[in-house]
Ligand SMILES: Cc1ncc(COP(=O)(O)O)c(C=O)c1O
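Shown next as structure tokens: one chain only, the form predicted alone.
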């Protein structure tokens, strides 16, 4: 693998293209190949440093992906079989009966996992509105772990990461930030004080709606007990990625910078147009000056991303469902972060927080022509609401 320590002075848009490649020597492939194996030939004598040993312990294709994400986030990375496998590994760091602070409107999978662990007596859950910094700071008292999403899914709340993460460190609270929406190109939580960064690599990192993967990145601690504990959890629990999935994700990442640039520009324009539409009561996008977290986002992000949510006048769930059913170019589906634009009413899922408005529609804006996207969204709104 290439020496990614030499990439520190390069822009993220360059790192995402150049990291995790084989050495640039004659007759080497430009890209790391897919290593499809369950077993490796053993050393002649006792196991040697760097021995892979068995397919559940390591794979060169995973390593290439991990090196790339780690170079972008600023710490060693571990790939998991899904985003939920990654967040499950983070929850596993909490001692039995420990307290976990989570947003009161997080990704529904995170909330459901936390509640299941609480029901089993494994942890205690302390939900808090993450945009309310004073409430979050108060919730840290006696906690073992805080998990933040910024911007959050689907409410687009922006947490004051530097303040909260500094307080967590001072209080001895482990901190993890789900950076799926922002990606490491727009935000690097480790540099803001986080111990851990989590990605549903299924989404923007892979970018083509064809992979299930998760990533956890740990702070660059020389002793790095967190990395070792997470690696042990992945190995013994079998929460490993497939080599083909890792290869696809790495291939998708090579265009991450151009995808994020185009999709973010589209999202900003759609947010502006939605704000002027008579059927829309509220647009949730950190790039709008009207967003409560706009100044925070300006301070801690390099851009505002391609995710946004909006609500309808009248707050009708039925009208929101009709909007989703009437689109022709947009795809009505639950995932996000691909090159194609998708949307859905989040409360259609039973696990979604009751604090999420019934008519809230989440948009994952893709890289299509923005006028085509707007025309389709506009006709769906007019057919369903006006």
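Residue numbers count along the first chain shown, from 1. Worth saying up front: this structure is predicted, and the values here are computed from it rather than measured.
One more form of this protein exists, namely the form predicted together with this ligand; it is left out here, but the text below deals with it.
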query: Stretch in contact, per heavy atom within 4.5 angstroms of this ligand in the model of the complex, of 167-175, 224-232, 82-90, 264-272; finding: 82-90
query: Partner proximity in the model of the complex: residue 213 to this ligand, non-hydrogen atom cutoff 4.5 Å; finding: yes
query: Close approach of residue 183 to this ligand in the model of the complex, 4.5 Å, heavy atom; finding: no
query: Interface membership of residue 336, this ligand in the model of the complex, 4.5 Å heavy atom rule; finding: yes
query: This ligand contact in the model of the complex: residue 107, any heavy atom under 4.5 Å; finding: yes
query: Proximity to this ligand in the model of the complex, single hit among 300, 153, 309, 99 (heavy atom within 4.5 Å); finding: 153
query: Contacting member of 200, 158, 217, 194, with respect to this ligand in the model of the complex [4.5 Å, heavy atom]; finding: 200
